[in-house]
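Just one chain follows, in the form predicted on its own, and it is written as structure tokens.
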Amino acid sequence: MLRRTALAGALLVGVSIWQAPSAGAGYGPPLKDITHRYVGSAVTPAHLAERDYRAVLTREFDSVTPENEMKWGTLEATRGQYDWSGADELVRYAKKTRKTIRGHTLVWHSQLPSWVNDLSADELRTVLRQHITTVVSRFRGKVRAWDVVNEAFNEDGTRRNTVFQQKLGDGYIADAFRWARQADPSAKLYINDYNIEGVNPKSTATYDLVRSLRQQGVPIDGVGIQAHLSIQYGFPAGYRDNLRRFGALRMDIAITEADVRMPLPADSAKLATQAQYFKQLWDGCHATWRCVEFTTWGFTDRHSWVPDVFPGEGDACLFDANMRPKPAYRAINS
């Protein structure tokens, strides 16, 4: 999702004396210890300097996703000049704390450097292959799974008219998966999108594409369901049915970017609804054999992307800005 630019610096006062969480502070067993699925969070490496942030992340999760540090616009803002600093920092943290990494993302129309849009079709194909090969090869054996193609469909199930779709046609998706597999045969490869939690035109288009790719022998291993929800809308209809139909294709399924936003300010009723939505997401994943991962898009309201993109909304995470567990955390940790 989008970059969060505002840092809550004032909340860092007293971080140096912050103590590790305990069950008495409202924490249950670490989320990573109560399931056989991967449990992850999106992470901005700069926040790892905050001791309370790092402590809760390390305690609760066994998988991390770079929030922006592996996106094309961050890695290669200027053609041919790569900045690996943020991605490498996250890889070092993951190795030190024995966490797996979900790579995000190789092909996406957003947060794309402007120079990519100016390429001819032939140049774009060459550059896209080079980008995928360079990034995946650098992290070969270090990244468990990749979101290879991100947000390829419109809400009505038609192909999103991205620069890749315009200039390369429908085949760019299959090519991207083939190139990623060549660069790291061991990594799991996913297509990822939002608003495909329930059964609807967009999820059906994704289902049809994945089925077709599998029939063609394209090396796609899974479907990433972002699960950015809001309590203003009903819980996605047909959520479990949707997971089952993807699973029936012998595809892995991952909840990749879960959060549940609400109109601010929060109150007990809104937090209870949020908890119910998180629990439905969690329980549905656990009721589906092929659902192998549950990752949230950030874990603390201190650094959520939501207020920047949805003014007047927020408090979308499992922990509040002071790292206190919310009812949503307790709901899935019961």
Ligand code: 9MR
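These numbers were taken from a predicted model, which means no experiment stands behind them. For every residue, the number given is its place in the sequence shown, counted from 1.
If you look for the form predicted in complex with this ligand, you will not find it shown, but the lines that follow are about it.
**Student:** Establish, in the model of the complex, whether Glu67, Glu257 and Trp305 all lie within 4.5 Å of this ligand, using non-hydrogen atoms for the distance.
**Tutor:** Heavy-atom distance to this ligand in the model of the complex: all three under 4.5 Å.
**Student:** Among 244-252, 200-208, 146-154, 91-99, which stretch sits within 4.5 Å of this ligand in the model of the complex, heavy atoms only?
**Tutor:** Among the candidates, contact is made by 146-154.
**Student:** Mark Tyr172 yes when one of its heavy atoms lies within 4.5 Å of a heavy atom of this ligand in the model of the complex, and no otherwise.
**Tutor:** No, no contact at 4.5 Å.
**Student:** So, Gln166 and this ligand: in the model of the complex, are they within 4.5 Å at any heavy atom pair?
**Tutor:** No, Gln166 stays farther than 4.5 Å from this ligand in the model of the complex.
**Student:** Hey, in the model of the complex, is Trp297 touching this ligand, heavy atoms inside 4.5 Å?
**Tutor:** Yes, Trp297 sits close enough to this ligand in the model of the complex that at least one of its heavy atoms falls within 4.5 Å.
**Student:** Tell me, yes or no, whether His104 is in contact with this ligand in the model of the complex, where a contact means a heavy atom of each within 4.5 Å.
**Tutor:** Output for His104 is yes: heavy atoms within 4.5 Å of this ligand.
**Student:** So this ligand isn't shown here. In the model of the complex, which residue out of Trp179, Tyr239, Trp108, Phe139 has a non-hydrogen atom within 4.5 Å of it?
**Tutor:** For this set of options, the contacting one is Trp108.
**Student:** So which of Lys188, His131, Lys71, Arg125 gets a non-hydrogen atom within 4.5 Å of this ligand in the model of the complex?
**Tutor:** Only one option qualifies, and that one is Lys71.
**Student:** Pick out the residues of 202-226 whose heavy atoms come within 4.5 Å of this ligand in the model of the complex.
**Tutor:** Going through 202-226 in order - heavy atoms within 4.5 Å of this ligand in the model of the complex - there is one hit, Gln226.
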